[in-house]
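This document starts with one chain, in the form predicted alone, laid out as structure tokens.
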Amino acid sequence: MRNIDPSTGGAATAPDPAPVPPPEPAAIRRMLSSDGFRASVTFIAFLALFAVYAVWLGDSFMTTDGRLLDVHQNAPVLLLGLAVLVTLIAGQFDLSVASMATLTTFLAIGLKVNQDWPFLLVIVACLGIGVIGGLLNGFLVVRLRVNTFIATLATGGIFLGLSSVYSKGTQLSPTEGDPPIPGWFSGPDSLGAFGNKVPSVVAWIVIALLVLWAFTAVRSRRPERFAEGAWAGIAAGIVAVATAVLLVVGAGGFVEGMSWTILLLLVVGLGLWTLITQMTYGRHLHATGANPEAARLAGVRTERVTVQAFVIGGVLAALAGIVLAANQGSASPDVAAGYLLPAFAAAFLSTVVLSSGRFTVPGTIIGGTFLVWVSQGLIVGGLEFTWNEVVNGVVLAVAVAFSTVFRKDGR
């Protein structure tokens, strides 16, 4: 029997059925497609590789002192990675950092051995050279509009040439009768020696700061569906669990074995991360690198920001040279020349290690360290050390490609 609508006298129209909401994706699929997981997939892949190393190589690879020694010896490379990171965020390339490190390595040794300068003045002079080198790069790129590759390639040649002129093309090291390098700077019981460990209280303070950084970083990744307070609690829980796991698996041994060089690397990393992520300059730096014209129209002084990025990179490169001088106690021609590509590899790995395409300070340090550990594991397993650069290139290409493909598949 047909229903009659009394208001129209005609047949009543059946209401449209309510739209059926699309089925919710499964929990695992939601996790795999989340930004947090996609940013972590390369990090997880590295951990899986190290688990394979642990089974394959056992204690010959899984030793605290051995892995800390890798970080200690490669601290100059990681500092150079941070140096190029700053200019990469600004949308520039700095190919002069390795040459700057070579120059300041010679100056850190030579200004004491040859000129007998007070050593604190030597360090200030080396850092000042880094500032001057950064200003020169910034002037060529910003003021004279020279292509960043050409400008920094040219200044890199200048810095390397100056180191050769200063050293007369030979190795520079203290000899009997020369003014000695201070024992606190270089030597068996110096700040540059791996055997000279940081006091435990200092190391734990730094670890506490790193935990605080981790909480801040996780908290800043709050998904829109979570309230601020709720996500802060979740972030605290995540960091607490991760810290507990690390302590259980032996992270305390890493703390007890921390050298002064590693401490310096971590402190510099924390300072640079604070500058880039927590201060106005960092926001201006990212805006300049993302879209210089839009940033300029928004009131950002993009030219000044770019010059400052080159200066920061120059200072970090100079610091890398100082650390290299402390660790080796001498300087050789082209001592840091081979560090340029690993430094850029560390910086580019930061875009796929705990990140979804952005350059980050923690990703640079972690990615650069993982790169070293991958190579060292293969060397311990019997690979000739001459394959080291090949391994670095393959790891960088595979890591970036793997992360990129995974992000595309997760869309």
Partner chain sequence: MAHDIDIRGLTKSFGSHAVLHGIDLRIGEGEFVGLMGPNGAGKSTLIKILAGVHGNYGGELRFGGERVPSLAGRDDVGFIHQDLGLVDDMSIVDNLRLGEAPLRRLGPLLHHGREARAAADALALVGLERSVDTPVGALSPGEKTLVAVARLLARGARVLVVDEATSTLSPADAQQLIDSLKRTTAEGATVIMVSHKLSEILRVCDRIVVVLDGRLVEDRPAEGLDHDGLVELLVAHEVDGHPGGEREPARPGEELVRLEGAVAGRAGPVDLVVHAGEVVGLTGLAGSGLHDVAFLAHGSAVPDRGRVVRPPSATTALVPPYRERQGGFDEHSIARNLTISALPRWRAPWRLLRTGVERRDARDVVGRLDVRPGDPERAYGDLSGGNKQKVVFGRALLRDPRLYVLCEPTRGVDVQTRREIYRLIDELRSGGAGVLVVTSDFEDLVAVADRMSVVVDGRVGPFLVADDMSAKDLEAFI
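Residue numbers count along the first chain shown, from 1. It should be emphasised that the depicted structure is a prediction, and the values quoted were computed from it without experimental measurement.
Keep in mind the form predicted together with the partner chain is missing from the figure; the text below concerns it.
Peer 1: Can you check 107-115, 290-298, 319-327, 206-214 and let me know which stretch has heavy atoms within 4.5 Å of the partner chain in the predicted complex?
Peer 2: Selected range: 290-298.
Peer 1: Mark residue 197 yes when one of its heavy atoms lies within 4.5 Å of a heavy atom of the partner chain in the predicted complex, and no otherwise.
Peer 2: No, no contact at 4.5 Å.
Peer 1: How about residue 279 - does it come within 4.5 Å of the partner chain in the predicted complex, if we only consider non-hydrogen atoms?
Peer 2: Looking in the predicted complex, residue contacts with the partner chain include residue 279, since a heavy atom lies within 4.5 Å.
Peer 1: Does residue 228 make contact with the partner chain in the predicted complex, using a 4.5 Å heavy atom cut-off?
Peer 2: Because a heavy atom of residue 228 falls inside 4.5 Å of the partner chain in the predicted complex, the answer is yes.
Peer 1: Is there a heavy atom of residue 72 no more than 4.5 Å from a heavy atom of the partner chain in the predicted complex?
Peer 2: Answer no; every heavy atom of residue 72 is more than 4.5 Å from the partner chain in the predicted complex.
Peer 1: Quick one: of 164, 173, 243, 274, which gets a non-hydrogen atom within 4.5 angstroms of the partner chain in the predicted complex?
Peer 2: Looking at 164, 173, 243, 274 one by one, just 274 meets the 4.5 Å heavy-atom criterion.
Peer 1: If you look in the predicted complex, which residues in 352-387 sit within 4.5 Å of the partner chain (heavy atoms)?
Peer 2: Result: 358 alone.
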